[in-house]
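Consider the single chain below, provided in structure tokens and representing the form predicted alone.
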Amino acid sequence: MSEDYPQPTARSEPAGCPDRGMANAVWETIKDEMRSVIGDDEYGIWLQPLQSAHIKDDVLSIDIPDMVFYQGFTNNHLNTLEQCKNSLGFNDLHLKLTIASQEDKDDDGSKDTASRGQSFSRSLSEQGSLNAVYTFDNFVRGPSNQFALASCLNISENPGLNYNPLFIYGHTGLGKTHLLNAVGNKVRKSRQDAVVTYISSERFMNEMIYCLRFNKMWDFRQKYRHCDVFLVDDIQFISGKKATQEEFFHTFNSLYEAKKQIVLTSDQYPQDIPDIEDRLRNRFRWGLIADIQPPDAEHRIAILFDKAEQLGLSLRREVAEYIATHASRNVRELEGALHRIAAFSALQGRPMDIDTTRDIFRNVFDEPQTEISVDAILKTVAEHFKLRPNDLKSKKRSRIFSVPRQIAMYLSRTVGNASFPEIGAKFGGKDHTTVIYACRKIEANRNDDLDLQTNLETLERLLGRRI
């Protein structure tokens, strides 16, 4: 059953409310304490525009000019305000920030247009959030990320209009966070009044827990349900967190219905994220899904030269080719290798040539890559189809067993690099010709059979993470 969440409301108490005099006295005392802490300049910007409304049931309501001002104030001074309040002995008094209606009138009878709040525009994520280094200009494009890059560029120019939500997935270290920050930085550059929220799903969860503990859920919901662009990194970490999923569901709905842009990243495809509610999984697929694949050799070399230029390093072609050939899993591994060479060269006084590079990585790159076993493939395929590994090894001919069995044989060959006789032996002693037939059948049908293609892609992603 859906929960009704409070929305920002206008002041409802009349100007002659009997609690107003006491409220004003308390508020002025707190404001004076704030002035002594933050100084006159900050006080004039953030405290002077605020007016108290009334005190009721140990709650002091404070009028905020508009939502834009609210975002900036909560980012910059809300914690300090709480501390000042408590230092004056008002520990039992709770603060409630209320958005004043644009139809409310000032003391002189003129309408408060709320336009003054625009000059105080702040991004929700300004504190410990967007990384200004991550932009579209320094993102090295290539075949593996071209679609995801084009999608991000589109939504940064037209947030909330075309692809909503945009779901970006790919393995660790391929540039998802870079693109997420690039979207936020571009939006903030082109629309200075836009409220851009960048947060990891883990931080979203931690803030929610804190607000639940200290009865601040109203503030939490105002913070995350009134932004123009909502950027969430590593959404897969809400897996199994029921309360967080519930809160995120309502946040998602609120923003989506308001046509605000939502961008999510994950190292897993939506349907592969375990222990997540179907209603969330479905919403993740409402818009556009863009994947980032590991870069090919030429793309890896281009990335290395770009990173070397940023670091002010002179990188030789043969060194870049050596690193790109051996560090092939992700961009982060490439950067780490480049930093290691630069540090070793500087400390040892050796040139950054191919001999130095080979010496540095002799015992690193020569380590054999882990291969996934046929047994692991059997287990993964069986779990996917809700069967037992022994069902795949049996002679049962029913389609519910034969198709998963053929898929498992095919993956044992293509992902596990096992020989046909080895596969046959693992599948209950079957002849190698049976394995060859199964592999050829799956290969022939994978492009025409949509269900087969979906199952294979899902299993290949699952197995890729186990390597």
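Only a predicted model underlies this, so the values are computations on that prediction, with no experimental measurement involved. Residue positions are given as counts along the sequence shown, with the first one as 1.
Just so it is clear, the following notes concern the form predicted in complex with adenosine-5'-diphosphate (ADP), a form of the same protein that is not shown.
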Please determine, with the chain shown alone, which of 273 to 281, 392 to 400, 206 to 214, 135 to 143 has non-hydrogen atoms within 4.5 Å of adenosine-5'-diphosphate (ADP) in the predicted complex. 135 to 143
The one residue among 250, 171, 379, 358 placing a heavy atom within 4.5 Å of adenosine-5'-diphosphate (ADP) in the predicted complex is 171
With adenosine-5'-diphosphate (ADP) left out of view, choose which of 85, 178, 225, 260 has a non-hydrogen atom within 4.5 angstroms of it in the predicted complex. 178
At the 4.5 Å heavy atom threshold, is residue 338 in contact with adenosine-5'-diphosphate (ADP) in the predicted complex? no
Report whether the minimum heavy atom distance between residue 332 and adenosine-5'-diphosphate (ADP) in the predicted complex is within 4.5 Å. yes
With heavy atoms only and a cut-off of 4.5 Å, decide whether residue 307 touches adenosine-5'-diphosphate (ADP) in the predicted complex. yes
Does any part of residue 324 reach within 4.5 Å of adenosine-5'-diphosphate (ADP) in the predicted complex? Heavy atoms only, please. no
Where do residue 226 and residue 43 end up in the predicted complex, Cα atoms closer or farther than shown, with a change of 3 Å or more? farther
